[in-house]
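For reference, the chain that follows is the form predicted alone, supplied as structure tokens.
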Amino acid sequence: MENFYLEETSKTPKLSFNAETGRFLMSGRSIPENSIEFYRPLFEWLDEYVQKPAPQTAFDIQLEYFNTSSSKCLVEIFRRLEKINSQNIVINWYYEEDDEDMQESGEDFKEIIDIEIKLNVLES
């Protein structure tokens, strides 16, 4: 299976998903014109990945900002990842120490997603 990679732009996040190592990264800003269209190739990639995941999967999320439609897409990503045995996956949610909105978003996802989400303050 090929890895999934997209370079960061001013409106879209860096997406680096390594199928072999199970290391996933999403960083930057997620405010695409059409979130569903932007994330669709990743949804399709994840549908394939969950059929034969790496022994351990770690998803690091380091978003500065995301809009409401991106939030819905994040839930879709998490729902796909829930298909993997929850013992073998962790989501690391990073936020700046003074960014209460991003901290609260991580806490909200933690409530609705059946995967361990670790909240981490970014080191300056």
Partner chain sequence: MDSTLNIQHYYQQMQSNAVVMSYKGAASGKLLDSLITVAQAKLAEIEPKRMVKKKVFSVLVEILQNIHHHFNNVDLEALQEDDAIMFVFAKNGENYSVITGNFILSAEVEALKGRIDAVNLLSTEEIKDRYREVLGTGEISDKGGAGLGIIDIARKSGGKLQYDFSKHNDKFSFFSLTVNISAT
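Nothing here was measured: the structure is a model prediction, and the numbers come from that model. Positions refer to the first chain, counted from 1.
Another form exists, predicted together with its partner chain; not displayed. Remarks below refer to it.
S.K.: Taking heavy atoms only, is Glu20 within 4.5 angstroms of its partner chain in the predicted complex?
M.R.: So Glu20 does not count as contacting its partner chain.
S.K.: Does Asn85 reach its partner chain in the predicted complex if we count a contact as any heavy atom within 4.5 Å?
M.R.: Taking the distances in the predicted complex, the answer for Asn85 is no, it never comes within 4.5 Å of its partner chain.
S.K.: Is there a heavy atom of Asp101 no more than 4.5 Å from a heavy atom of its partner chain in the predicted complex?
M.R.: Output for Asp101 is yes: heavy atoms within 4.5 Å of its partner chain.
S.K.: How about Asn92: is it within 4.5 Å of its partner chain in the predicted complex, going by heavy atoms?
M.R.: No, Asn92 sits far enough from its partner chain in the predicted complex that none of its heavy atoms falls within 4.5 Å.
S.K.: Among Ile31, Ala54, Ala58, Leu42, which has any heavy atom within 4.5 Å of its partner chain in the predicted complex?
M.R.: Spelling it out, the residue with a heavy atom inside the cut-off is Ile31.
S.K.: Taking its partner chain in the predicted complex, which residues of 3-21 have any heavy atom within 4.5 Å of it?
M.R.: The stretch touches the partner through Lys11 alone.
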